[in-house]
Structure formats: C-alpha cells, structure tokens
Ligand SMILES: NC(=O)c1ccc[n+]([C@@H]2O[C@H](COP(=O)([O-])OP(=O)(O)OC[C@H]3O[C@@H](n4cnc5c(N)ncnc54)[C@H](O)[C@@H]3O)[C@@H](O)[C@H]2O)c1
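First comes one chain, alone, set out as structure tokens in the form predicted alone.
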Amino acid sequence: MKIKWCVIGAAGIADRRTIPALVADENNQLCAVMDKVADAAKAVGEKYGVPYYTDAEQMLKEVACDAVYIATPVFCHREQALLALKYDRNVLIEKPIARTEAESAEILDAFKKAGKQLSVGYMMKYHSLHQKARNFIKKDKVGQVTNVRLQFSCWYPDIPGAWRQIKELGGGGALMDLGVHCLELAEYILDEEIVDIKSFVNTQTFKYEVEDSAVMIFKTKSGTLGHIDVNFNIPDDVSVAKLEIYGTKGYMICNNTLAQDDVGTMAYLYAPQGDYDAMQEHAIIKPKKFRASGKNIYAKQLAEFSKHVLAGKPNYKYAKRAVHIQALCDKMYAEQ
C-alpha cells in the first residue's frame, strides 16, 4: 500500500527537500500540491506532474489522500492542521508545531481524539551522527553526560514583509526558528526532558521586532546542564553548526551536523580520568572520527511517519515533545 499525499505550502522547504524525498520513496505517492501563490503552485505542480491548487480546502475536498504535509509559515499551522483533520487526514507539519504551547496542545489533543497520526518536522534527529551520539550515550561510551552545548546560526537581515521577522506571525525570532531545533535535538539525544531553562534574547544588529540573537541555559531531568546559542546575525560563511557532548569518560563533538543534509563529522574520545591529578597534565589523545552517512534525513522522517500510518497505530511521542518545546519557548519569552 502506498500512502497518498497532498502538500499545503508547496514552495520553499517542501519543494527543496521533502517532496523530492517523498516521490523517491516507493511507499509514498504525491497526489496534489497547494500554495497560495498561484505561480508557485503551478510551478511545483507541473514539476511533479500533479494537480495544483491555491486553496487548501478545495484540494482536500477534491483529492483523495491519506496524509497531508504542511510546510507553511507557523501562523498558518493551527488552522491548516485542523482543516486537514476535518477531512480525516494524517498530518506531518513543519516545525515549530505552532506559535505557542496553547496552539500546539490544541492541535495535538485534536489528533489524539481523532486517532490520526501527527508528526512534526524536526528532521535533525534522523541525522546519522546524531543517532550515533544518542546510541553512544545509551552504551555508556562517554560516561555520565554532564554538559551539552549547541550552536546554530545564519544570516537573516531585514527583509520587508518577512513573516519570521514579525512577532505575531512567527511567534519569535532566532529562538523560535533555530533554537527550537536545538532544544528538540538535545532532548532526543539525551532521551530526557529539559525541566528548567533560562535565556537572554536581544535584537542586536537588525531593525525587526523579533530577536536576532538568543542564548539559553538549561537543566534536564537527570541534572545534565546545557548551553545553546542561536543567531540571525552571523554571516553564513563564518557560521558554525556544532553539537558538543561532554561526560565523565569522554566526549563527542559534531561539526556541521545541524543541517538539512546528512553531512559533517563527529570526533569521539574515550578518556576516563581515574584519580585526581594535581598537576593537571593532559596527555595528547587523538579522537576517533566518524563521517556522516549522507543518507537523506527527510526520507528517514517520512519513513518513520509512514510506518505509523501503515500500522494504523498513531505515535504521538515526538508531537508531545514538540508541544513541550513550545512550552519552553513560552517560558523564555515571558521572562524577558
């Protein structure tokens, strides 16, 4: 059985990443696309040889499908997810799930009540090196994890009308767009919730109303401490995407893995200390290096979604985490 898909918000990330992964998968079939910009809808529809629409409800009325992928701006997510559910569809929605915890919880509760699959597009958990890091922690290869650091940035200057730069439409700036990826990834790799978080946010460089810079510190349920910094004001050519995990027996440092492709490297060092060394002398130990597999992380995300739909057993684990991430964001914004 193939899962038949409609897409709401066919330009942008849908056309660049998710639709190519979908049409390459023998278990999935693209049936129709929709975008409110008529030229974009036409271009994507003709590119993949499927009907195209500018009205989401008209598409859902006319096209039989099993699932809907929603890749529109975040202020549209609640309305469009509930519209898809009205037509009894399973939904994969891009991150963040919604602007606030309240909107996010409303979406999740509706899908749970209807018994339809709901997943959220936090695709970085499917990166081969992030999965390796999670497995290494489970196998005690770095000991007790004591500290985690994530850094993620890009260049996003003032752009008239850009929805991510308007608080009412995007819900926030760098924290909401980049920070949520880091928060979700940290909880996935550590396999536990963040229970306390503090932040500083600021608009340092640009003129828009949302933050172009944010720094977060957090604590997980078991006591692991973490640090995240995200920026819209660091040039792309000097931007660093890094994940660092330190434990009582070693470390894992992932470079350039916070990305839309399965790229980058991970340095792993196992070097348990033993007794205290008053001289603080450090041996030079060369870490082991791992390279990313290069496999399509969007394809992996779709495979996970399809598995639950085909089994007829919705799994809300990651959707619940997405709601929790929005709760953390609400807390941080409220404290500014």
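All values derive from a computational prediction rather than experimental measurement. All residue numbers refer to positions in the sequence shown, first residue = 1.
One more form of this protein, predicted in complex with the ligand, exists but is not displayed; see below.
Residues 89, 108 and 188 are none of them found to lie within 4.5 Å of the ligand in the predicted complex, as judged by heavy atom distances. Residue contact with the ligand in the predicted complex: residue 173 places no heavy atom within 4.5 Å of it. Although the partner is absent here, residue 121 lies within 4.5 Å of the ligand in the predicted complex, judged by heavy atoms. Not displayed here, the ligand is kept clear of residue 327 by more than 4.5 Å at the level of heavy atoms in the predicted complex.
Contact check for residue 211: every heavy atom lies farther than 4.5 Å from the ligand in the predicted complex.
Comment: 27 to 35 is the region of 271 to 279, 306 to 314, 27 to 35, 288 to 296 lying near the ligand in the predicted complex, near meaning a non-hydrogen atom within 4.5 Å. Contact with the ligand in the predicted complex, defined as a heavy atom within 4.5 Å, holds for exactly one of 239, 202, 248, 260, namely 260. 95 is the sole member of 116, 95, 141, 149 with a non-hydrogen atom within 4.5 Å of the ligand in the predicted complex. Counting a residue when any of its non-hydrogen atoms is within 4.5 Å of the ligand in the predicted complex, the hits in 1 to 31 run 8, 9, 11, 12, 13, 16.
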